[in-house]
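Only one chain is given next, in structure tokens, and it is the form predicted alone.
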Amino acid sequence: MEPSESKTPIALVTGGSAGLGIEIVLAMLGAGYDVAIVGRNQDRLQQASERIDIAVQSSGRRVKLVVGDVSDKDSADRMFADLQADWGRLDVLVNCVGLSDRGRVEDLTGARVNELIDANVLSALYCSQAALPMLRASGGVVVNIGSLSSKVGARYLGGYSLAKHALAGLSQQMRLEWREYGVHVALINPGPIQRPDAGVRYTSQGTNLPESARLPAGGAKLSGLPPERVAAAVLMCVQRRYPDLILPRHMRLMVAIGHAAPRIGDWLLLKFTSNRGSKD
């Protein structure tokens, strides 16, 4: 394939073969972007392509399916070299790959921490590094998908808060360093996102956890966010270059209070989660 000379903006979405990733792909297509979708499984990528086929046809945009492991640096470098060769540019990178967890700190192992860091942090780091030359050329945007756990350390989330806090620190450092290149970096911090397996996906994790800890957001009193709403926030960060968004919006005050007054923040987190004892 010859490099494209089209002026159509290009977005690449990692983890774009399911869930929130597909909604972000649809949002980017609707905004006039050609989109490269990255996933580790060819079959799931093909299923994603079939799901978005109507949107592709109605928008007239192009979609490129990319198989690769974004937590492996060599794989990430190859993917972006191929994108440069095929399409010749990149305007938006959305790092949507992630891995969540349930468990107590005393049971957390180094091996599990490494898995979570690989999925939530190194995947974003490697892709952003590989994308940087094209993003510098376009004055583009990186959007990292964090979590409310990037802002608070609630109970029973295993190593998830550890990994998402690391992603938040990485995102801010990237934003400050790369602004001199004209590249904007945003972090989106959503609460629980609606999904078909909500409430049952953690049933096999952590034998000594309260049942409420296996619920979305670890039992926090939050309604699941429609994935379309989070995808719209991604597009808003791209278009308006917002640095850091928390969803739902009312959680911003709790996060701000917790950072300014940690004792009150801890009390609020305890009140905001649905269990009180060590076991229910």
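When you see a residue number, it is the position in the sequence shown, counting from 1. All of these numbers come straight from a predicted model, not from anything done at the bench.
Although not depicted, the form predicted together with a small molecule is the subject of the following passage.
Stretch 160-168 is the answer when you ask which of 85-93, 178-186, 160-168, 134-142 has residues with heavy atoms within 4.5 Å of the small molecule in the predicted bound form. Although the partner is absent here, residue 19 lies within 4.5 Å of the small molecule in the predicted bound form, judged by heavy atoms. Under a 4.5 angstroms non-hydrogen atom cutoff, the small molecule in the predicted bound form lacks residue 46 among its neighbouring residues. Taking non-hydrogen atoms only, residue 191 approaches the small molecule to within 4.5 angstroms in the predicted bound form. The closest heavy atom approach of residue 128 to the small molecule in the predicted bound form falls outside 4.5 Å. Residue 70 is the only one of 246, 35, 70, 237 with a heavy atom lying within 4.5 Å of the small molecule in the predicted bound form. Of the residues 97, 76, 152, 121, just one reaches the small molecule in the predicted bound form with a heavy atom at 4.5 Å or closer; this is 97.
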